[in-house]
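Okay, so here's just one chain, in structure tokens, the form predicted on its own.
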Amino acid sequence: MTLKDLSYFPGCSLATTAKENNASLKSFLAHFDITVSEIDDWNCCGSSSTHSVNKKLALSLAARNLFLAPPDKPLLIACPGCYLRLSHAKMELNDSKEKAKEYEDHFKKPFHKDIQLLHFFELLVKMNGKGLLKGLGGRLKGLKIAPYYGCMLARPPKMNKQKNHYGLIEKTMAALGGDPVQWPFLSTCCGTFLSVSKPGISEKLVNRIMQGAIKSGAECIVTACAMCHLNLEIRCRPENRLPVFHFSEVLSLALEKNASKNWFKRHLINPEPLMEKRQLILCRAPIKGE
């Protein structure tokens, strides 16, 4: 498999509320001359909300993206939820000739059962195996990080043989000079879409997570999931506010001191004071009157 030319499914979160995740991921990959091309006319993967109420629609939404993706390139997916839904759809179509034929007739093209779905974590493992991440040690200057995977990397029983890559954030951050803390909430659910329908439940879960990170001595949280990132910021009470980063943002920080500064304005919890304190970004110009 070549790492230089990948097709790409950003998913709804990275295209809207988490544009900084999308931008930092592309910036990080571009540093290594890895080109990603969004599949044309992609649609929502169905996410948690659809598969909870209409399994047929959920399969159709995910399957359409599989049919749109070029069969001769790995399809890179950054969102754990999107990866889960597309992987589940691929498994269903591979397991059922009848379903595969139904969708082939509907989309008027063959289903390529061997299409490779590549989670961003797996790509990092392959990049590290090729030595692409060498020479970046010490860049994060001992930054104390609480790694947060959320629950979407967990697999349902039917998919329990697939890799989940727990531990990758810790290993990568440590290799880059960061200091991952040990804490008990790294895979605790943030409430996901209950943040909209039942915000009180999500608020309780989020603040338990944030308190846990603070008690562990972490200076920030690094997330694997854009939905988790959003919930941690919007459902966090003022006394529990701690900077939250997308994994790709911290990777980009390790490459270039000023790489991610323009993305910080999209954060609801301003991470700049911490980054300036740690000399991970160039200090901002003083504001008149300060």
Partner chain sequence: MDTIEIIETSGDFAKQVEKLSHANLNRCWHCLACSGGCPFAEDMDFLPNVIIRMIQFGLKEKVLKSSTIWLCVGCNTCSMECPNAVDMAAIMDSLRQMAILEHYLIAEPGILSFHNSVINSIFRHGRTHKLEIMMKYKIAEKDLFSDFNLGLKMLAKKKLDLLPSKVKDKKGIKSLFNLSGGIS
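Remember, it's a predicted structure, so these values are computed and weren't measured experimentally. Residue numbers count along the first chain shown, from 1.
What comes next is about the form predicted in complex with its partner chain, which is not displayed.
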Within 4.5 Å of its partner chain in the predicted complex, counting heavy atoms only, one of 135 to 143, 120 to 128, 184 to 192, 171 to 179 shows up; tell me which.
-> 184 to 192
Tell me whether Tyr103, Cys151 and Leu230, taken together, all sit within 4.5 Å of its partner chain in the predicted complex, counting heavy atoms only.
-> yes
Does any heavy atom of Lys26 come within 4.5 Å of a heavy atom of its partner chain in the predicted complex?
-> no
Any non-hydrogen atom of Leu280 within 4.5 angstroms of its partner chain in the predicted complex = no
Do Ile234 and its partner chain share at least one heavy atom pair within 4.5 Å in the predicted complex?
-> yes
Leu274, heavy atom within 4.5 angstroms of its partner chain in the predicted complex | no
Listed by sequence position, which residues of 196 to 215 have a non-hydrogen atom within 4.5 angstroms of its partner chain in the predicted complex?
-> Val196, Ser197, Lys198, Ile201, Lys204, Leu205, Arg208
